[in-house]
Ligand SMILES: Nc1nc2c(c(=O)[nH]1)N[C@H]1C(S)=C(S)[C@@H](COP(=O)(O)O)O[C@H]1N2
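Presented as structure tokens, the chain that follows is alone, the form predicted alone.
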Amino acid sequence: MSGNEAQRTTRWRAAARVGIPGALSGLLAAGAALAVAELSASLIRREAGPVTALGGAVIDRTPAPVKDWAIRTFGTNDKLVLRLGILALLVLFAIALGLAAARFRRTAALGVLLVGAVGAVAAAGRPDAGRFDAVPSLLGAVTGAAVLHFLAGLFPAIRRRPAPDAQEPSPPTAPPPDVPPAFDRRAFVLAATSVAAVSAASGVLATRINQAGSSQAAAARDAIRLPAPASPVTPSPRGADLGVEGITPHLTSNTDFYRVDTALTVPRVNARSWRLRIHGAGVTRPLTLSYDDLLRRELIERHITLTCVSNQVGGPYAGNARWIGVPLADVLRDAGVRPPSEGGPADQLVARSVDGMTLGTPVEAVMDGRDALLAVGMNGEPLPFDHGFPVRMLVPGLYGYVSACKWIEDIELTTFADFDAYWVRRDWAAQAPIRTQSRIDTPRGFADIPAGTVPVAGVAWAQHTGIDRVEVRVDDGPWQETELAAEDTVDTWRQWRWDWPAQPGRHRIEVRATDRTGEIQTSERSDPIPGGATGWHSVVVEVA
């Protein structure tokens, strides 16, 4: 075997011996980096953690069609999938850098610093970023780089050695070229165990600090007793719920109510420290309101159906709940705001969430007499954290992305010409009235059902306009008018039912609705972007 071949063999043997330790070193370095970053984020701001910051940056930069696909594919688990994807990529980077550290120790450490810098830039670039939000990622990067550099120093040296001069024999004391350098496994195991223990302790401490903050917010919520509304909800009329098995209930429970937003981590806002600022064009008396200030105002209670613009035809992202809150128009008038129809200079209300989300709402819609709310309660209890505690905004008749700001903390009056809200910058419509929709809840698509009388039932909505008629047809046959449930209000959906004399075979059932203005739901199929999906919902079933 020649000298060069012997050296290559030596290097490959050494590399093979540090393969698992190298990968482990990379993972330990990543774990240490994340633990330190999350610990520092728990002391600065929970949302400044690198995974949350990177996830938020990914959400912000993801094209709207991809977001829509993620919501359609993963539903409310879309954020969990994103977090797992980010962690998976970090694991792959960590393993690659750990393996590289066996030969390129400093370069691999610099690679860790580079990944941390990406996290720092992502954190600093978030809409709600604080001045110190980049610090956790930077501290984590320095820690991870130091750990990897230290652990890699325990590997056997496998760098390329210069070939010996052919005219000068090798020193007699040189080891045979085919003997790999020694690897002190005991020292490596001791160092790796120490790093893992310190990282685990840091992670546990960060978790406990975050839990303490969350516990304080939860305790503040648990202590709240909502006052009786000055204007209580009118009870749903008899017959508002048809009682058909498989149909969506008239009122949606808090646990079943859909959640679609961009918050990778649900904000846990303490109601005691929460404040709402109202300012901007046409605001002659700027306001800063506390949670108690809102509870001292006259509250109203209403049934209102919310709909997400991401809802596909027949999709699940609509829900009807009993909300209690302060009329938003009254608060705006107390701040001196006038709608455009009364000469006010602002035609857009920009609501900002504690996580930096911005929603733009037509001022005229908020102040035209509909029950637009700063909601504090949902179905008889303070808002759940998932649904915007301590306060969220609701405007009947508009899709949620322009009207239903959760965790709201700021309202600015401006114009549509001067400011584009978060989703408008991503090519969604600036003003988004809800499109008339209807859905078949039962029977389910591809269900096997017996021949005979089969109840076909579902819900239809045209919030703030009202539903006048729902029709169904089978296999492109004549439209059949359905039985409509009693109307609660024009701001809520309505159940419907039709008893179908089902015959054996495969059949397609379609549904369409007509709103209070007489406009029939369009059959033209379109995606949610830019202003809500259209088309008739249909299901295919087998009748035996």
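Position 1 is the first residue in the sequence shown; the rest follow in order. What you see is a predicted model, and the numbers here were worked out from it, not measured in a lab.
Although not depicted, the form predicted in complex with this ligand is the subject of the following passage.
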Next item on the list: Although this ligand is absent from this view, report whether W274 comes within 4.5 Å of it in the predicted complex, heavy atoms only.
Entry: no
Margin query: Please tell me whether any heavy atom belonging to A206 falls inside 4.5 Å of a heavy atom of this ligand, as the geometry stands in the predicted complex.
Written below: no
Note to self: Taking this ligand as it sits in the predicted complex, is T307 near enough to touch it, meaning that at least one heavy atom pair lies within 4.5 angstroms?
What the structure shows: yes
Item checked: F257: touches this ligand in the predicted complex, heavy atom cutoff 4.5 angstroms -> yes
Notebook entry, point to check: Based on heavy atom distances of at most 4.5 Å to this ligand in the predicted complex, which listed stretch, 333-341, 226-234, 470-478, 261-269, is the contact stretch?
Noted result: 261-269
Checklist line | Three-residue site R392, G400 and K406 fully in contact with this ligand in the predicted complex at 4.5 Å by heavy atom | finding: yes
Check: So which of R439, H250, H303, H387 gets a non-hydrogen atom within 4.5 Å of this ligand in the predicted complex?
Finding: H387
Item checked: Among the candidates S202, Q348, T143, S353, the residue which, in the predicted complex, approaches this ligand to within 4.5 Å (heavy atoms) -> S353
